[in-house]
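Shown below, as structure tokens, is a lone chain in the form predicted alone; questions about how it binds or moves come after it.
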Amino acid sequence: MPYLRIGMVMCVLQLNGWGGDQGGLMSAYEDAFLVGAAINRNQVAGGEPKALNLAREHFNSVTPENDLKWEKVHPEPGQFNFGPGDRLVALAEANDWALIGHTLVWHQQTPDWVFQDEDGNLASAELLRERLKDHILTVAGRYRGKIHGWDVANEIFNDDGSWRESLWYTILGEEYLYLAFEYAQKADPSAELYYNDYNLWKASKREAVINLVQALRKRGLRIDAVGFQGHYGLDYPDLKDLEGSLKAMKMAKIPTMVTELDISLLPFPNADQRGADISLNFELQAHLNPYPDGLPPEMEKQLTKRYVSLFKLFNKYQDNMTRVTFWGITDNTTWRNNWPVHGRTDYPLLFDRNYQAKPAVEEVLKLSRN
């Protein structure tokens, strides 16, 4: 769906601890790409007004963290919970936000009944195909013309580029992916359609996604962009690897977006498992939670440096990048406080627990002026 970028009034951000005539992030990058954030149910309901104020000042796109995932919107057969989604749509319309639907097909946060027949056995291909069709046509169809774009499918590949052996794949094989895009296009022809995944800086996974996009196009199915989940750290990924993937996508004429950006400042328990696999769960230990009482100035500087480096790269590829979305608004509700270790204190976003802009915000704004 074409999105008209409406000129925004430049705001003085005195409430955020810094002033001047600088506008918010969305204004600074309005000629480059959309700037968005994930928003949760409590924020949509008005339970965190300061977070909403930040969203209005800095973002022109929002993505629901959970409320359009299968387990939330379609928890039981024939039962849909559209209340949270309807409120989200109304809020997005009131604030001229481009709303991203996340996500129609995923191996996580999908109820067990989806893959079972009436006797609790593995569902047949015919039954699962019909459930997939009903879900997408019902959910995407309800918000037809109101969703800017859908993450049609999420995380279907392993890091080595092989297909993830999810129950979707076990029952339907590769067909489920193509069916999902077919049904999504039918449900809302005006919405953009995306594939979304993490660790796309890895060459093997990147090539698998490029091949997937080409296969979709050969079948006459539309895909508008590939989303790079940006769940990164201070030392990963290597920016050369990330740029390699952005460049490869551009050469293949595949628009890209950064969909879930955050930068963890905490050690990852197992470096081989870095990514965004939500099934990971490690025991809380002191050495894995080094900053429970606040972030040292030196770490704040490293966070700023890392964000500046990433935005320099995003700016370089802005002609092929349509959106940069942070996975959350402030540190106090970021999922990285509890993943992959529950109970930690992390600082991965641009706004702190007191709704104040971090030094990284001003530096990222300076990049836009350059």
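What you see is a predicted model; the values in this text were computed from it and never measured. We number the residues from 1 along the sequence you see.
Same protein, other form: the form predicted in complex with a small molecule, not shown, and the subject of what follows.
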Exercise for the section: Decide yes or no: are H148, D224 and T322 jointly within 4.5 Å of the small molecule in the predicted complex, with each residue judged by its heavy atoms? Expected result: no
Exercise for the section: Could you confirm whether R56 comes within 4.5 Å of the small molecule in the predicted complex, counting heavy atoms only? Expected result: no
Practice task
Answer for N158 alone: is it within 4.5 Å of the small molecule in the predicted complex, judged on heavy atom distances?
Solution key: no
Problem - Contact label in the predicted complex: H74 to the small molecule, heavy atom within 4.5 Å - result: no
Exercise for the section: Answer with yes or no whether T256 is in contact with the small molecule in the predicted complex, where contact means some heavy atom within 4.5 Å. Expected result: no
Completion exercise
Only one of 285-293, 210-218, 174-182, 103-111 sits within 4.5 Å of the small molecule in the predicted complex by heavy atom distance, namely 103-111
Exercise for the section: Would you kindly say which of N332, N42, N66, S309 lies with a heavy atom within 4.5 Å of the small molecule in the predicted complex? Expected result: N66
Practice task
Consider the chain as shown here, without its partner, and state which of L122, A125, I278, A203 has a heavy atom within 4.5 Å of the small molecule in the predicted complex.
Solution key: I278
